[in-house]
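We begin with a single chain expressed as structure tokens, specifically the form predicted on its own.
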């Protein structure tokens, strides 16, 4: 089992750092899955237990100048590591003006992901700052616990409004309630609502558009034949939504959410070679 990689391009390095910062805001610990072509960051708090889950996928070729890995076995050419993303985020903070960043899986006393940041220096020799990030190696028998979450047939899929606008609305509502209702329909309308004994507040968004899932693969089966105006809703923990909106540094070119009525809200943020999915279960 071996892994080593190197990023030289500064724009790629800064983009990679922003993604790790986003993940660090969403998960205290997560699984890093390494394959030949892709990296995955996975959080699978069981949705059944009320926890949010996350699936972030990036193509290694869009970030790394060098990338070599050998999995646990020839027929299972993957590596699954458990780590604290905040530690990786901190290690990359020093890399904003780096000449290169190298990553390597080591096992001197215990398994570590070594991050070596090569900084520019005035003399001919480089300065290298090394961070050893403790990791746990996930045994093969547990890999199935970290597969991509399946999405139940959703009732509505809708593009999100500008995330900055949505974030400022949710931050104001968070001061009034612990829960928020997200409702949307197939006419591109979405409302964010809070209701308490003292106050009822609704923010309306119109003309957002609905992704054309149905024409692509029939995914939106439960939306077929539905009244376009009727609202599908889910009440979720407002802190989890605020965490996603405040923490995201992916700066997506496309952002959408799928709602299963009163069961789950599934957010998808897409930016070229990166996709981030975040699942927040509904509160009954």
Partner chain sequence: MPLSAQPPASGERYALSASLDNARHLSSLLRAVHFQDHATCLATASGLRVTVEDAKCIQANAFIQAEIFQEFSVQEESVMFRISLSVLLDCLTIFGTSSLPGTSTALRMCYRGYGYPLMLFLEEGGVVTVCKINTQEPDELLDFDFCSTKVVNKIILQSEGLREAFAELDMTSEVLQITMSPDKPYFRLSTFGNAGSAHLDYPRDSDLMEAFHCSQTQTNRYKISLLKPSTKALALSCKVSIRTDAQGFLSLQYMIRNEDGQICFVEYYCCPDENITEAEL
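Numbering follows the first chain given and starts at 1. No experiment lies behind these values; they were computed from the predicted model shown.
There is another form of the same protein, the form predicted in complex with its partner chain; it is not shown, and what comes next is about it.
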Contact between residue 160 and its partner chain in the model of the complex at 4.5 Å, heavy atoms?
-> no
Just to confirm, residue 172 within 4.5 Å of its partner chain in the model of the complex by heavy atoms?
-> yes
If you check in the model of the complex, is residue 142 within 4.5 Å of its partner chain, heavy atoms only?
-> no
Would you please decide whether residue 189 lies within 4.5 angstroms of its partner chain in the model of the complex, comparing each non-hydrogen atom pair?
-> yes
Report yes if all three of 168, 176 and 204 come within 4.5 Å of its partner chain in the model of the complex by some heavy atom, otherwise no.
-> yes
Answer option from 94, 200, 126, 106, heavy atom within 4.5 Å of its partner chain in the model of the complex | 200
Out of 117 to 125, 77 to 85, 160 to 168, 147 to 155, where are the residues with a heavy atom within 4.5 Å of its partner chain in the model of the complex?
-> 160 to 168
